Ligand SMILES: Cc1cc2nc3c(=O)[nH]c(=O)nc-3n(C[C@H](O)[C@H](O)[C@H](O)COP(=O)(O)O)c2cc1C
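Presented below, as structure tokens, is a lone chain in the form predicted on its own.
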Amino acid sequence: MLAKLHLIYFSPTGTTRRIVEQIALGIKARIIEHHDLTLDLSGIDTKLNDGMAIIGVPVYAGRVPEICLQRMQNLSANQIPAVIVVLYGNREFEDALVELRDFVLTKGFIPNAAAAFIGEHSYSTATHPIAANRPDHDDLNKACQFGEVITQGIKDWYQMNPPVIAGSIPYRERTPLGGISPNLIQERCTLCGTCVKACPTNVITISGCITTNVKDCILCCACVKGCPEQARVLDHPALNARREMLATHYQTRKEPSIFIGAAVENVI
């Protein structure tokens, strides 16, 4: 059994965290340390010298969100193994996994296993479902199996050839964020503060009413999906058109993509 496993993730709506935890369940470790970057504005500032890490982030338009890279900027490792994971909304993960691999390499990790899993898209609604309710039972089982396969190859980790990961270099152009945020339906809002607590960028404030700093919103929709009164909705012409396109053209179920170094024979 592995002595220590570090779980490092950014997961505004919980989908990335669920997959990371399920992979950890398959790997099994005596000690599991969580490094949840979602609400940690200062990010992680530590050097890991032992164990293994699972590093998980969502995909934004085929890239790793800049906020994730910023919050891991002061993270480093002393050549410890890392499993890198991205979650995307059933369209494409494009260059995100390659970008995450390149980033963790600069931080001193050895990323010999990687995966792209599917999670409910942040734009998904009841009328326009996009990978709704994913990761589902089958996804979680596959994540656990992935962890079990990794465990079989841990002893050879330092002798493994790195996996060939889907994606391109240079990475696709980053889609700019900011200027759009979910709308508030005033008559539904009870000022409970759930949205304030859920926001990973601290752009929502409450003082007699709810206000949002639109400039710094990353459209993770944690506030939309977490509001108990359904008082926050993502309703903007450009995003509505995007949602319509995704719901129309990306309904065919995609399955996780797994990439493991050559020393591990049993690949899912």
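For every residue, the number given is its place in the sequence shown, counted from 1. In this text, all values refer to a predicted model and were calculated from it rather than measured experimentally.
The form predicted together with the ligand is left out here; the points below concern that form.
For a residue to qualify, one of its non-hydrogen atoms must sit within 4.5 Å of the ligand in the model of the complex; all three of 15, 90 and 220 qualify. Heavy atoms within 4.5 Å of the ligand in the model of the complex are found in exactly one of 185 to 193, 142 to 150, 114 to 122, 67 to 75, that being 114 to 122. Not displayed here, the ligand is approached by residue 177 to within 4.5 Å at the level of heavy atoms in the model of the complex. Shown alone here, residue 32 lies farther than 4.5 Å from the ligand in the model of the complex, counting heavy atoms only. Though the partner is left out of this view, residue 52 does not reach within 4.5 Å of the ligand in the model of the complex, counting heavy atoms only. At the 4.5 Å threshold, heavy atoms of residue 203 stay clear of the ligand in the model of the complex, well away from it. The contact residue chosen from 39, 233, 61, 44 relative to the ligand in the model of the complex is 61, the criterion being a non-hydrogen atom within 4.5 angstroms.
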